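Just one chain follows, in the form predicted on its own, and it is written as C-alpha cells.
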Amino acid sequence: MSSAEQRAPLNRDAVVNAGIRLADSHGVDALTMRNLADGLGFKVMALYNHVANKQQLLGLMLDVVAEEIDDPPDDMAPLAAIRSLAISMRTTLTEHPWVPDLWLQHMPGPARTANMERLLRLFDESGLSPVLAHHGFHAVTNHVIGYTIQDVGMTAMATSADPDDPMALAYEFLANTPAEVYPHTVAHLHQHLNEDVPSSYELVLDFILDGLVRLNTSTT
C-alpha cells in the first residue's frame, strides 16, 4: 500500500488539529500552509478545500483551544465559578503559548462565544450591580490575557537566550545590576530566583473579585 493510500482522509478537523500541533511544537511563526500540508502529506491546494486561508485557520484553531477550558461545577457559587473558570482559562492558554497574542486578534467562534456567555452569566448571577458585573467581566478577562502574555513572553525570552538553562538570563541581569544602586530590584529578583513567593496570578484574581464585592457592598 502506498503512503498516499495510508493517509487519513483530509477534513477541516484534521487540518485544524494539525495546525494546533504544529504551533504548539514549533511556534505559530512556523505555521505556514506549506509546512502544514507537508506534515499532513498533502499538496498545499488540498488544504484550501477545507479552510479559506491562514487567518481562518488560526480562528478555528483558537476556537478548538477554547473547548479545552473546563466548565466549573453547576453547583458552584457564581464568584467561585468565575475564579475557577479564570484559572482554567489561564492553564489552557499557557499550554498553547501562541494563543494569548492571537486571542484578541480574531473574532470569537462558537466555543469562545460560549465561554464568554458562561462568564457573563456568572457575573449576572453574582449579585453584583450591572455596572460592576460589566467591569468585572473585563477586569477578569484582561487579567487572564495580560498575565498570560507576560508569563509566556518572559519564558520565551529566557528559553531563547539559553535553552538549557532558562534562569541564565535572570542571573546575567542580576550580575549586571549593582545592588547598591538598585537594591529593591535586586531583592525582587532574588525572590523570583529563590522562589520565595508563589505566582501572583491567583492573588491578583482574588483582589479583583474581592474588590468588586466590597465596591458592590459600599454602593448598595
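The first residue of the sequence shown is number 1, and the count goes up from there. We call the rigid core the largest set of C-alpha positions that still match within 1.5 Å between the two forms. Everything numeric in this text was worked out from a predicted model, so none of it was measured.
The form predicted in complex with another copy of the chain is left out here; the points below concern that form.
Interface membership of I208, defined by any non-hydrogen atom within 4.5 Å of another copy of the chain in the model of the complex, is confirmed. By the criterion of a heavy atom within 4.5 Å, L169 is counted among the residues contacting another copy of the chain in the model of the complex. Taking non-hydrogen atoms only, P108 approaches another copy of the chain to within 4.5 angstroms in the model of the complex. Mapping the unseen interface onto this chain, Y182 counts among the residues with a heavy atom inside 4.5 Å of another copy of the chain in the model of the complex.
The candidate spot formed by D124, G146 and H188 lies fully in contact with another copy of the chain in the model of the complex, as each residue has a heavy atom within 4.5 Å of it. Contacts between stretch 55 to 73 and another copy of the chain, counted in the model of the complex as any heavy atom lying within 4.5 Å, involve no residue at all. Core-superposed comparison between this form and the one not shown: the Cα of T177 travels 2 Å or more.
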